[in-house]
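The chain below stands alone and is given in structure tokens; this is the form predicted alone.
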Amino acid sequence: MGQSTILRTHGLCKKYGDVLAVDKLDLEVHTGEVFGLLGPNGAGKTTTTLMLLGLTEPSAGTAYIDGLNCARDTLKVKRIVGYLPDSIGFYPDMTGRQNLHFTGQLNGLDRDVCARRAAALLRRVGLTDAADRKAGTYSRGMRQRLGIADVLMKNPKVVIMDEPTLGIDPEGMRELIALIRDLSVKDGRTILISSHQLYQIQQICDRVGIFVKGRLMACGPISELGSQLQSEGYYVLDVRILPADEHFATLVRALPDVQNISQDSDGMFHIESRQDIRTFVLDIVVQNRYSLMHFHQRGGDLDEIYHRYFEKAGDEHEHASVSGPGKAKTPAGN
């Protein structure tokens, strides 16, 4: 049985004057998954979130959450969607518990339900001991966990988080990541995370979408995106040898399918190729009696995938600006 889709956009666009912030976004997020929407500042992630929350009208296209039109059924959407912004605002002179009670009452819960739900959520996010301290004394990580409890007060089906791991120490990060996974696995809630924190996202997401200049460049599980890059002829091999001389670079450069070889300040060679050339490089190492210190083929980690698609977006943008509709591309050097 296939996975059900709870969030879907089709041809979603948002234009501010001459700036196309979101360009024909087609996206599906499955029920109960953790989905990462990745991209640099200005990529269109925040604008997309605002349209999903019904806080700004799309210029074209549609967005639906659980069958509700985000632009037309805004009140119904807000009942089933929780939003955790990157900068969480609590009343600093109220305790964590009081802040949760206030949110519950705003969402129409009676006092007894607020009290029971707040106590349960404070236990869940690990803040029972700090529940009656003023929220203004909380660390960034504690505020993020209180923010998750705050979002869960209305028991949403979908939770949208904007940069949830930003500025959190390693221990707080570990706790937050475990909590977010728990919301998906145990509760069956759908989590959409908007972020540029690649390493943290790699640990938590079932699938990711790479968003560059308003466009969704790639979407899928991280392992599949890495395999796709390799099928398109993109391999990066990191090699450290002793001695790290220019003769090695010359020999590698002569191999078929090698596109580029560079060396960083630590002496590591980075070899870009269109095919898997590990066997050939190892032959060079053995035959020339180099000492092999490091040998790793990249392509499957999120950082590499992200930067490769970011480069592709830049290449496509440059091609479009040179060619344009009805224009012939100018040959290099002319």
Partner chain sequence: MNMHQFPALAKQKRLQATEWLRLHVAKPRQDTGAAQHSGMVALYKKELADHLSSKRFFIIFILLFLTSTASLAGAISNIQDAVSQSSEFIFLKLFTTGGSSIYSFATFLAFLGPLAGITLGFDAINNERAQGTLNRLASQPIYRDSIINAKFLAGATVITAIVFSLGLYVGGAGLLLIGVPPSMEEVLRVLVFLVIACVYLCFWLALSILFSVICRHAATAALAGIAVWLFLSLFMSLVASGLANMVYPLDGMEGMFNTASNYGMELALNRISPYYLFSEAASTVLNPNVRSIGVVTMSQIEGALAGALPLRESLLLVWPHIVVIVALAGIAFAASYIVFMKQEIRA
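Predicted, not measured: the structure shown is a model, and the values here were computed from it. Numbering follows the first chain given and starts at 1.
The next section is about a form of this same protein that is not shown, the form predicted together with the partner chain.
Mapping the unseen interface onto this chain, Phe269 falls outside it, with no heavy atom inside 4.5 Å of the partner chain in the predicted complex. Of the heavy atoms in Met94, some are within 4.5 Å of the partner chain in the predicted complex. At least one heavy atom of Leu75 is located within 4.5 Å of the partner chain in the predicted complex. By the criterion of a heavy atom within 4.5 Å, Lys157 is counted among the residues contacting the partner chain in the predicted complex. Asn107 is the sole member of Gln228, Ser262, Asn107, Gln259 with a non-hydrogen atom within 4.5 Å of the partner chain in the predicted complex. Just one of Arg79, Arg174, Arg116, Arg253 comes within 4.5 Å of the partner chain in the predicted complex, counting any heavy atom, and that one is Arg79. Figure note: of the listed segments 33 to 41, 63 to 71, 286 to 294, 269 to 277, the one touching the partner chain in the predicted complex, with heavy atoms no more than 4.5 Å away, is 63 to 71.
Contacts to the partner chain in the predicted complex (heavy atom within 4.5 Å) from stretch 83 to 99: Tyr83, Pro85, Ser87, Ile88, Gly89, Phe90, Tyr91, Pro92, Met94, Asn99.
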